[in-house]
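The same protein chain appears twice below, in two forms, each given on its own as structure tokens and labelled structure 1 and structure 2.
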Structure 1
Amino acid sequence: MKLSVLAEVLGGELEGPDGETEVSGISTLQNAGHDQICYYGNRAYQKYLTSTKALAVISGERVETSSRNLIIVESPYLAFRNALLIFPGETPSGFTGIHPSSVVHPGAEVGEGVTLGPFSSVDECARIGGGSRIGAGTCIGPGARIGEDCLLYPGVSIYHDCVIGNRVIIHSGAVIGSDGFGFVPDPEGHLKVPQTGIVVIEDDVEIGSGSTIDRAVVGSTVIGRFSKLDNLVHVAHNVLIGPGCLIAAQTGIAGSTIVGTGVTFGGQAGINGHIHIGDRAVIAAQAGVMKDVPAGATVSGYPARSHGTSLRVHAALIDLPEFRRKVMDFMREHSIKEEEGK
């Protein structure tokens, strides 16, 4: 695609003399070649602007750069995303159709245009919608339902009766529908509570590698449409996650918690069970949330509290060693023994 055409497709204004030059692809500021474009949207990478060899830089403003061309757009990150759709990378698999080594139960239903990679399995009464791609070694359990145009990478496990919507992406190693962690203490040992519910993943959800979503005790564990889960996220039984949530890596959400619409979780956040997190709340990285979070609130720290309060607590802790030194000096000056001061 010519650079001038690409700028038009991205809704941007091209500044520079090379509109007729063909664009071969996309790279980073520091690695782009003479026929590639790149994206600038973070000042941490400003140092690369004057040394980049890129044909053009996508930016939200005019910047000083060694590139001869700029594509000025209103939203650089969105334009970068759209450019990546125009110049996609490698396809997830070279296999098409149903591989001879895959196993499909006679009672299963496989839609038109479905790809089943090597050594995948589709169990009894399972259904896979048209155009979905199932990677090598992926297991679709009895009665599970996969929607249309889904992409399941190699090594995904979908347990029995779970429901996956349309256009869902699930990365390798994810397990959907494993038993929730439920036991009754007993003198003879912990008695397992049967987990008889399912998992429902709504349309346009993406689930990262190694993530686990437990089936409900009864009813459903639900991941709302357009929500995106990073790698190594754990969602326990009967959790309800609303639409449009973003959940970063290593977050764990305990059972029966309700998460509203558009909630953002930083990495390694830990969420208590049986609580409610309101719409558009922000949970900072490594926060330990023990109680309900109001809609729109930002919380951080352990235990999690309002972000402003957490910052003040942290600042006080930084001053604590110096404060202690002053107290000890005072005690020595006044001949106060440490034991008396306790």
Structure 2
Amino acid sequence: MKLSVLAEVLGGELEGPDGETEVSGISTLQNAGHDQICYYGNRAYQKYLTSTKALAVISGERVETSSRNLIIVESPYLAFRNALLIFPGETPSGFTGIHPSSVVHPGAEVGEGVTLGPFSSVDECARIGGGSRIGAGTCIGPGARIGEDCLLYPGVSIYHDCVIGNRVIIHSGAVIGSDGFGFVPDPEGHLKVPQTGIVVIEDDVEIGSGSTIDRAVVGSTVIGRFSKLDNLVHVAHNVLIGPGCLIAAQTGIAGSTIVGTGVTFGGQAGINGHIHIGDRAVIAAQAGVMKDVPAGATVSGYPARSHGTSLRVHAALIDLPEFRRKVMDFMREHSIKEEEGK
């Protein structure tokens, strides 16, 4: 694709002389070759603008750069994303359709155009919607339902009776529907509380590799529409996550907590059980959230408090040794004076 055509497809304005040059692909500012384009959207990378060898830089503003061409767009990250859709270039799997090694129980239903990878298994009463692709070794438990056009990578486990919507992407090693962590203390050991509910994953959700979502003790653990979970995220039983949430890697949410719409979690955040996180709240990375978070609030630290308070407390804390020294000096001096004054 010619650079001028690409700029047009991305809804951008090309500034530079090389509109007729063929674009070979996309790279980073640091690594782009002279026939590749890249994008600039984070000031941390400004230093690379003047040494980049890229054919063109997608940017939201006119910037100084060693590249001879700029594609000026309103949203550079969106334009970058759209460019990536044009140049995917991945090696396609050679295993398409129903692989002869896969096992489908006679009591299961598999829709039109489904791919079942080698050694995938579909248990009794399970249903897989049309166009879904199930990776090698992925196991669909009894009674589970997978919607249409889903993509389950190799090595995913879907436990019995769980319900996955349409266009859901689940990465390798993720486990959907394992038992919640419920035990009754007992002198003879801990008595297991049967986890009789399910997990419901709504449409257009993506679940990262190695993430684990526990089934409800009764009812459903729910991941709302368009929510995206990164890798190694833990969601406990009976958690309800609203639509459009972003949950970064290694975050854990304890049982029965309710998360609103469009909530953002930084990495390694920990959320207590039985609490409520309001719509559009932002939970900072590594925060330890002990109690309800109001809608729209940003919280950080352990135990988590409003981010503004956290910053003030932290500034005071970092100065505490010095402050303490000053105050001790003051008190000592003052006591001496008093002694002298007597």
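We call the rigid core the largest set of C-alpha positions that still match within 1.5 Å between the two forms. Because the structure is predicted, anything quoted here is derived from the model rather than measured. Residue positions are counted from 1 along structure 1's sequence.
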Original post:
Between 1 and 2, where do we have the form predicted in complex with another copy of the chain?
Top reply: 2
Original post:
After the core is overlaid between the two structures, has the C-alpha of residue 13 moved by 2 angstroms or more?
Top reply: no
**OP:** Any chance you could measure the C-alpha shift of residue 329 between the two structures with the core superposed, in Å?
**Re:** 5.2
